[in-house]
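Before any questions on how it binds or moves, here is one chain, the form predicted alone, in structure tokens.
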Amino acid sequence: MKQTETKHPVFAVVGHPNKGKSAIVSSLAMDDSIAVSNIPGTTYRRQSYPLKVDGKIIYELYDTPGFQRARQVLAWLKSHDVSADRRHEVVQAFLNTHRDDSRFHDEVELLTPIMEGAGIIYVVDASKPYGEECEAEMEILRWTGQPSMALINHIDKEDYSAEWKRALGGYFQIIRTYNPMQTDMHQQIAILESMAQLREEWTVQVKASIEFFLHYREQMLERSAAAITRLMHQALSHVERLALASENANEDDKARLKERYKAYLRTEERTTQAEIERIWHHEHLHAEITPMGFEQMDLFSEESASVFGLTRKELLISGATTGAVTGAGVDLLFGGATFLLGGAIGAVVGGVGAYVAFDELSEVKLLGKRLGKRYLEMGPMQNRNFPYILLGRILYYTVMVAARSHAKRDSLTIAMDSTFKERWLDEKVQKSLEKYHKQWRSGKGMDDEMLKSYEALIEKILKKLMEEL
């Protein structure tokens, strides 16, 4: 199919082996399933990777094998003496002649999408000196007659980009620097804008792709905010119950209920992390990280409370926002402000007796049930600090995942950032959040309008954090 017959731009990413072609495709297509390796020959066949939004293809990229016998191919082309306007016919004749020739397998694979109408993105590694062997590759691409641009990748620290730019200038209309391992939205849009300049009839299509791309990013932020809202609502309003075999509850029963309650919260956090990974097209990321996503930093650890939790001053603001706190509520206000190591013991009623702790998440209640059965109940969440720890952690995780290039294949390492809370939580935001947290802690639930309002607040916070990247 010719490029002019498609409703979206198509580009073939080509070059010498091991120059980062697959990493560039992975980055621009937002696809972390593409094999990226420093071993030559990882890409054996051409493969299409479309970026879709709501089922519509924004643009399509072909990952291709690297040139292997460029000089021999160019010699074959030059043996056919034709005018410049017919050179593309010779390239097509080469493909027809050698399609089943194993010697030229890689060249056939990479030239086929180009001759079907794809624009050319030629990739070089500026950390290596310019070599004349690339001239045969660039000349072959010029024979195709397709519009082309060059991307200068920096795989290592050395920089020979000046000499590469001089050499590439004789072959390509546009030359850009692009590091797929450090890419962000602005770099991706810059590359798309460069693609729009390659051919006049592509301009409208590519410009439309940029609009779709920006809209898509807005969608990902909205979906992230919705996932975080669901997490917060479920975590703070959840009630865990444990049926008892006897009329009374012993310490083992209470400990078991507490662990079940904490396990539920951990599971909800991890489920939301996985959803965030899917939203930002990092479906393969979760297999490469620790279960909680934070090394040595459990949801109920002192480190989490220290980095993401409220200070005592902020807790007082929280208390003032929602009314005076007295009695056991004082424990819930300050319990876990520094440690947040444990769960509910609280006041146990119904003949079991009263238990008081200073690291409370919620009360444990002994309640009756039909037919005379008894059960322990824990929740909704009463600790005023916990919502900010949980929210801070998932916001931080979302920002780290959203900022990660799809070309990276190493494990996602999330280092603690003691300044993160300062970047999103101030007194005004805290007071706004506390209204919703109080409603969820009350066990009264929340209507759709209030959930949407909380979601909008989270989205605003996320956008602010993203802008700072």
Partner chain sequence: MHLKDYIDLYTLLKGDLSTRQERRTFGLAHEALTSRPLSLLKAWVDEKMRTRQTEQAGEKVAHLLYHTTLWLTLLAFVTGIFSGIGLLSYNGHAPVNLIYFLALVVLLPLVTMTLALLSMLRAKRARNTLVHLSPAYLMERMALFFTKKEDLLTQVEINPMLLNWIVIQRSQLLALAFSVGLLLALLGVVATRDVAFAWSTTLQIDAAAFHRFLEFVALPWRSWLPTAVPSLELVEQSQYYRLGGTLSKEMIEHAAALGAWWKFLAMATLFYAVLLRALFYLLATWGLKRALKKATLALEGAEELLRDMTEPFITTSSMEKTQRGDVVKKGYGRIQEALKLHYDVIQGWAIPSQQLSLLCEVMEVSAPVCVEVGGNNTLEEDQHIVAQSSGEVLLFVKAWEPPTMDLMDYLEALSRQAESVTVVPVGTEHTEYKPKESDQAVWTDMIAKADLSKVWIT
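Residue numbers count along the first chain shown, from 1. Remember, it's a predicted structure, so these values are computed and weren't measured experimentally.
Keep in mind that the form predicted in complex with its partner chain is not shown, yet the notes after this line are about it.
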Problem - Site check V53, Q72 and F212: each within 4.5 Å of its partner chain in the predicted bound form by heavy atom - result: yes
With a 4.5 Å heavy atom cut-off to its partner chain in the predicted bound form, the contacting stretch among 383-391, 220-228, 190-198, 92-100 is 220-228
If we test each of L433, V401, L425, I34 for a heavy atom within 4.5 Å of its partner chain in the predicted bound form, the one that passes is I34
The one residue among D81, D85, E251, D156 placing a heavy atom within 4.5 Å of its partner chain in the predicted bound form is D156
Would you check, heavy atoms only and a 4.5 Å threshold, whether R270 touches its partner chain in the predicted bound form?
no
### Message
Given that its partner chain is not shown alongside this chain, does Y44 nevertheless sit within 4.5 Å of it in the predicted bound form, heavy atom to heavy atom?
### Response
yes
* According to a 4.5 angstroms non-hydrogen atom cut-off, is E259 in contact with its partner chain in the predicted bound form? -> no
message: With a cut-off of 4.5 Å between heavy atoms, is S453 one of the residues that contacts its partner chain in the predicted bound form?
response: no
Of the residues spanning 127-146, the ones with some heavy atom within 4.5 Å of its partner chain in the predicted bound form are K128, P129, Y130, G131, E132, E133, E135
